[in-house]
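Below, in structure tokens: the form predicted on its own, a single chain.
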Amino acid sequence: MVEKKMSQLEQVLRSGRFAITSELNPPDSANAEDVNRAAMILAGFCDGINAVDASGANCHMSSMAICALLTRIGYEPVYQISCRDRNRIAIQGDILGAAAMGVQNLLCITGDDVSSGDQPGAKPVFDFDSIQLLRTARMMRDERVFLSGRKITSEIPLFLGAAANPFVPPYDWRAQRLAKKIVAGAQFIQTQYCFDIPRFKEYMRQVRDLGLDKQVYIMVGVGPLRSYGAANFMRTKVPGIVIPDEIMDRLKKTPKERQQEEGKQICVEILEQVQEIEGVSGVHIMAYRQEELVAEIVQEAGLLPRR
């Protein structure tokens, strides 16, 4: 019997080790070295590097292209694929193309609406939502067929992920939504930024009560806040991000020249706390255009040495 091929990220999670992924923020260039430089910083500290798919509905280098560059230099990508910009024909073709390049980790997201981005006149697609995308990818992997029923002639070894946001109401519905994504095919979860530890603990209690922590690997989203101003922008302008008053007050009271360091320290403290929560399998570090801070955060949180 041939063993199922597993990505590095899947192997780490299945082994019970605490996993770390991070985002490679796509450049506004056609220069492969911009990707390579960021990847070299992240690779020694992460079990997977997310290729971000036009987050915030803003245009950058495509996630597929970033995956191609990462696999070319031997790094482990997590391919973010959004439903916003492609119909089902394009999505299925992209899944095959990514697998042909050696990409195994697939994060299925609905995608931010174009109204939140820098080109609000763009026409959104949303032929799928994230749950339909998960079902399709699972069918392609397990049944080796397209949605049309036509056969796929090769194996597609995919490790399927989805996003979750425990921090916005209705809170009681969030664990139920996670259950639907697991049924659809999700094997790992990366959450939105976690700044509200009490709310996340309550979410994880609900997750454990439903037994979902035994069915999926949950990776908590964390990240450094660059400054009080940046935190205020995220809190007020970026949908889905919740930053409690006490964190805002802590940054505001910090001298401006030390706010970046304080934001990093807050991230380290949150990371240390979420490690202790039952059912958490890892963290997803989001440091927008601050890849060099990921290494410092991992080290200061006591998560070294890695591989």
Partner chain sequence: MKKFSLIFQELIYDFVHWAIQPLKPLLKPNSRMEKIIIPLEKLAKEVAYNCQMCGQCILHSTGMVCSMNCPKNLRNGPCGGVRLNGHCEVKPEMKCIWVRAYEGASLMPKYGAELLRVQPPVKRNLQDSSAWVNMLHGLDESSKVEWLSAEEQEKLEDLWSK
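Keep in mind that this is a model prediction, so the values were computed, not measured. Residue numbers count along the first chain shown, from 1.
This protein has a second form, the form predicted in complex with its partner chain, left out of what is shown; the following refers to that one.
request  = Would you mind picking the one in 122, 73, 145, 96 that has a heavy atom within 4.5 Å of its partner chain in the model of the complex?
outcome  = If I apply the 4.5 Å criterion carefully, the residue I get is 145.
request  = Sort through 242, 41, 248, 268 and report the residue having a heavy atom within 4.5 Å of its partner chain in the model of the complex.
outcome  = Contact residue from the list: 242.
message = Counting heavy atoms only and using a 4.5 Å cut-off, do 277, 281 and 305 all touch its partner chain in the model of the complex?
response = Spot residues vs its partner chain: no contact at all.
ask   = Is residue 224 close to its partner chain in the model of the complex, meaning a heavy atom pair under 4.5 Å apart or at it?
value = Close contact is absent here: in the model of the complex, residue 224 is far from its partner chain, nothing within 4.5 Å, heavy atoms only.
ask   = With a 4.5 Å heavy atom cut-off, would you call residue 172 a contact of its partner chain in the model of the complex?
value = Heavy-atom contact with its partner chain at 4.5 Å: present for residue 172.
ask   = Heavy atom to heavy atom, is residue 187 within 4.5 Å of its partner chain in the model of the complex?
value = Flag for residue 187 set to no.
Residue 149 within 4.5 Å of its partner chain in the model of the complex, heavy atoms = Yes.
message = At 4.5 Å between heavy atoms, only one of the stretches 153-161, 216-224, 96-104, 109-117 reaches its partner chain in the model of the complex; which one is it?
response = So the stretch in question is 109-117.
request  = Just give me the residues of 66-89, first to last, that have a heavy atom within 4.5 Å of its partner chain in the model of the complex.
outcome  = Residue within 4.5 Å: 88, and no other.
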